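First, one chain by itself in structure tokens, the form predicted on its own.
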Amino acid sequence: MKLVRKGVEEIDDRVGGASFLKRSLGKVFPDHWAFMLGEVALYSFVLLVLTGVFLTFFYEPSTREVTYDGPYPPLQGEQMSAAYESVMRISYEVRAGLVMRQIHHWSALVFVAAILVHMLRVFFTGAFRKPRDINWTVGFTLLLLGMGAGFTGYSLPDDLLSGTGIRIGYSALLSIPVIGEWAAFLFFGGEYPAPAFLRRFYALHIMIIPGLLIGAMTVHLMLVWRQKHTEFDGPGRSEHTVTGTRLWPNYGMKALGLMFVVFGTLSLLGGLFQVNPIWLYGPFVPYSASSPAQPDWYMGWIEGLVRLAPNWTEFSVFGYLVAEPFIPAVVLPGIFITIVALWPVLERRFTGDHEMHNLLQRPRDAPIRTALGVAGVTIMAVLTLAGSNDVLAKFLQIEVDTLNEVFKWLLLLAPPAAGYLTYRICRELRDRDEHPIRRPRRVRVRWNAEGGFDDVEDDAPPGAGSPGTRPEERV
């Protein structure tokens, strides 16, 4: 031990890290469970990297045509790309290959879902307000990069289902006026399915997008560390302090336990629940399309826009053809992404609130924002369902056209109805006398030295310790 201590002291003499480490280990984190959602995304990403490294040892990103002679009888003797054949080999011949593939896919689904739920918590509690508005944009960039990583990874097996999705993406890119052909050539290397597209998607999936993700995560965590955590309002709390548990040992142990729960849950999902069975879809053939078909859940809303778009969205402007996918697959998603990315700026512009905020709001305390958020979530839900209209039509035994008409009416009526109902509920809850922040103070009775009783006001919520006994950090 003396040798270790001396070694640590020698290192500290040179780099001076002891004081930083001591400050970091004493950092205070709020106790509320909602603050752990971001960590679920982080641990899912760690598992994505670990399983992804394993898969790169066996995957071949090539459209070179080969003949399948593996152990899956229905495909023996079939012509397919080397990429598809290598994923079949991972699934059937590489030891632990299938479970690693499925853990990788489940981790991607959970990673994007955790970021989305985390952002919804930030939105509905006003945690994006100044000074955390920059971090909102960084977090939203993480969500978009996660979707991009999912799309490029989903495309790599070169099966019939992923090929159908890539063809839609290629058409959307090609539909952009003026630069569409150039952009499509850049990402696909020629007219789809060009031989180069798998190599380009592979580079995007394992190097470029992960590198950007790691960079954005680093910036996100550095800003959280610098600006401290937000927390919910309540007795004994203020805009200038954060109360909770210190990083070491209490919060550190809790985070470590959560990491093992995430790893265990994703491993169970990968081992017990089948996802993306490419052997059932078969290899991609340019003149074929799979049906019923639907993308991963986070791309469903864009798919829904494409499927519900009317046919008048194709027209010409100054001699340039605006192709049919341009408005539903490029313009409308672009408008939505811009609004979400700039939401802190837009809200500050309309409310005139330029103050610094470290205390969170409950959703009922900002009824207009909450109503708009619920309306937006409703739009996404309807579009996501519309993106699976062929699956639903088959399940419900009705015509796809009939189902599309239902979705169009839902898209028109459901969001404003949900928003108005949410606004009324928030106003009602906010104005009640029993609002938790406005509730009357409790009074305790204390036996005094003279044998009588004194009334003592108590601000602490039921079950909480006395104010001042918990660790706190000044913001």
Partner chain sequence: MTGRTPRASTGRSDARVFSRVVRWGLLIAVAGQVGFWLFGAATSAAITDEERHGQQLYETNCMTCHGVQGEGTEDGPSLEGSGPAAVDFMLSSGRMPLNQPQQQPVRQEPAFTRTEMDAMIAYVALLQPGGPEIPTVDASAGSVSLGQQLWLSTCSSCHGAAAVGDSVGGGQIAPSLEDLTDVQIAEAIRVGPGLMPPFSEETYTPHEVDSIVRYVDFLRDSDDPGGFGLGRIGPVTEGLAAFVVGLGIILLVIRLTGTKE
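Residue numbers count along the first chain shown, from 1. In this text, all values refer to a predicted model and were calculated from it rather than measured experimentally.
A second form of this protein, the form predicted together with its partner chain, is not displayed here; the remarks below concern that form.
- You can rule out all but one of 312-320, 110-118, 198-206, 182-190: in the predicted bound form, only 110-118 has residues with a heavy atom within 4.5 Å of its partner chain.
- In the predicted bound form, none of the heavy atoms of F124 sits within 4.5 Å of a heavy atom of its partner chain.
- Within this chain, Q227 is remote from the site of its partner chain in the predicted bound form, having no heavy atom within 4.5 Å.
- Though the partner is left out of this view, E355 does not reach within 4.5 Å of its partner chain in the predicted bound form, counting heavy atoms only.
- Among heavy atoms of S238, none comes within 4.5 Å of its partner chain in the predicted bound form.
- Think of it this way: in the predicted bound form, its partner chain has a heavy atom of just one of S291, T218, N250, T338 within 4.5 Å, and the residue is S291.
- Interface residue among I134, L280, I214, I368, judged by heavy atoms within 4.5 Å of its partner chain in the predicted bound form: L280.
- Within 4.5 angstroms of its partner chain in the predicted bound form, the stretch 249-274 places a non-hydrogen atom from each of K254, L258, V261, V262, T265, L268, L269, G270, G271, L272, F273, Q274, taken in sequence order.
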